[in-house]
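Consider the single chain below, provided in C-alpha cells and representing the form predicted alone.
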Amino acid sequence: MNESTPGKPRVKELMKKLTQDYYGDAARAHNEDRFVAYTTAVSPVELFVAHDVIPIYPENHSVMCITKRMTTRLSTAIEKKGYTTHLCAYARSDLGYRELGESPIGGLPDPDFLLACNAQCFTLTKWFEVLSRRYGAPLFVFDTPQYIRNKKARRNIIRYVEAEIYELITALENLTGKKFDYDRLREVLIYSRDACRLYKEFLDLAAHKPSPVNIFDALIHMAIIVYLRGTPQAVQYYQGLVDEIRREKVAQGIGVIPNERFRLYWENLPVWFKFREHANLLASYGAVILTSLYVHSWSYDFDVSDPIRTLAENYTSVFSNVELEERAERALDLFQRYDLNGNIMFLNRSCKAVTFGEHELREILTQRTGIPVLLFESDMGDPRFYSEVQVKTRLEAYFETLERLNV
C-alpha cells in the first residue's frame, strides 16, 4: 500500500514545497527589509532563526551544482583566477558560480553577514573570508577547539565557546539594530530538539532487516535538518517522513533493495555526482550502505533549559572535531546498532579534515569488528578525479572477499 494519509502530502512533495519556500523567502529578503546571513552547515543557526535572519548555506548550493554536473565548468572558471584544484570542490563550485553566475536555482542573495564555524574544517573559514571581501559583509568566525576527553579541558572549551556565542549575539544586535530575544531562542531550540530527534529516528530505521532506507535516502532527507533546523516545518517534515516509512515499508517488511545481503558502513562524505550510480551498482551485489558518521552529524540533542550551553556543547562536538578514538567509538556504535557486515572508506581529496586520520581509523575499525575494509580515493565533487574502472574493480573484489568470509 503506497497511499499517503488523506489530506497530507507525501514527504517528497513536502520537501519540494519547503525548499521552494525557503529559497523564495531568501530571494525576497532584501525587498522585505530582512537580513541574510551566509553560514556553514554546522553552526549555531538557531541564533539566526531566533533573530529573524535568513540563513543561507553555500555548501548546500554547491551540492546542487555538483549533482547537476556543473562542477568542472565552475571549477575551471575559478582555477583560471589562480585557485588550486586541491581546494575543496564545494568552495571551487561556489566561487566559480560567483564568477559565471550559473546556478541550478537561479542564484543566491548577497549576504549581509557571514558566520563560519571551523568544527567542520578550516577551508570554510578561508572560503568565507573570500566571500566577506567580495560582498563587503562582516564575517564572524565561530572557533571550536577540538572537543577532547579530558574533563577539565572540555569545561574550558565550553566556557570559551559560550563566550563566543554571546559575542555573536551582540554582533547580530549591532547588525540589525534589534535586541536579541532569549525567550524566542528557547522556542527555536525546542523545534530544533524535536526535529533532530525525529531525524535520528528516521536514520535509525536502517536498523530494521531488511532496511527500509539507505544512506542515499538519508543524504536526500538531510537537507531539511540543515537549512530548516529550528522551525516547526522541520518537525512536521520529519514526523511525516518517519510515519510514512513505518507505514509503507517497515510494517510490510519492504527493504530498500530486494535480497539484502551486505549491510555497509560508509566513511566520509558521498561522491555526490555518482549518487544514483553508486546506489544501483551496490544493489546489483545485494549490498546497501546504511549509515555514516556524516549523516548523523545533525542528530543534535539540545537541552532547552540552558540554551547557550547546549549550543556550545552540540556545535563543538561534531564527529570531525573530536579525537580519533571518540570518532571510532561513534562509528563502532553504528556497526553494532545496525548490524553492519561491510565497510567502505572513501579517501576524499576535497575534504581533508574528514579524511585526515582515516588510515588509523580503518585499523581501529578492522581490529574491533573483524570486518575487512574497501578503501578508495576520489573526490566528492570533481569528476576529473574519479576513476569508474577503479571503483568498479575494487567493489567487485571486495564483495568476492566478503563472499569468501561467508558474510
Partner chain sequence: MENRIVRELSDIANNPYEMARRQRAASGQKIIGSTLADVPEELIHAAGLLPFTILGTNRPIRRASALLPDNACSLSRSDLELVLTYETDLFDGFVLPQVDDTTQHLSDIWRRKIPTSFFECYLIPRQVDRPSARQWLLDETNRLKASLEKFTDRKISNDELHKSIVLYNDNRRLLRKIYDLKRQDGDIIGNRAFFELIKSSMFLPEETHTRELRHLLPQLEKKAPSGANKGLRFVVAGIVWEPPAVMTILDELKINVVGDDLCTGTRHIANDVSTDGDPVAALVERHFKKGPFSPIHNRGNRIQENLVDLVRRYGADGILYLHLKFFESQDYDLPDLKQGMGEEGIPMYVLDTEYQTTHLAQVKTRVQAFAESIRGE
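These numbers were taken from a predicted model, which means no experiment stands behind them. Residue numbers count along the first chain shown, from 1.
If you look for the form predicted in complex with the partner chain, you will not find it shown, but the lines that follow are about it.
Next on the checklist: If we define contact as a non-hydrogen atom of the residue within 4.5 angstroms of the partner, is residue 353 a contact of the partner chain in the predicted bound form?
Outcome noted: Yes, residue 353 is a contact residue.
Checklist entry - Do residue 157 and the partner chain share at least one heavy atom pair within 4.5 Å in the predicted bound form? => result Judged by the heavy-atom cut-off of 4.5 Å, residue 157 is in contact with the partner chain in the predicted bound form.
Item to check | in the predicted bound form, residue 127 touching the partner chain (heavy atom, 4.5 Å) | outcome: Looking in the predicted bound form, residue contacts with the partner chain include residue 127, since a heavy atom lies within 4.5 Å.
Checklist entry - For residue 321, is any heavy atom within 4.5 Å of the partner chain in the predicted bound form, or not? => result Residue-level check for residue 321: yes, a contact with the partner chain.
Item to check | Listed residue that, although the partner chain is not shown, lies within 4.5 Å of it in the predicted bound form (heavy atoms), from 244, 164, 194, 204 | outcome: The residue in contact is 164.
Checklist entry - Only one of 306, 143, 181, 277 has a non-hydrogen atom within 4.5 angstroms of the partner chain in the predicted bound form; which is it? => result Checked against the cut-off, the match is 143.
Next on the checklist: So if I measure heavy atom distances to the partner chain in the predicted bound form, which of the stretches 82 to 90, 260 to 268, 172 to 180, 280 to 288 falls within 4.5 Å?
Outcome noted: Comparing against the partner chain in the predicted bound form, the contact stretch is 82 to 90.
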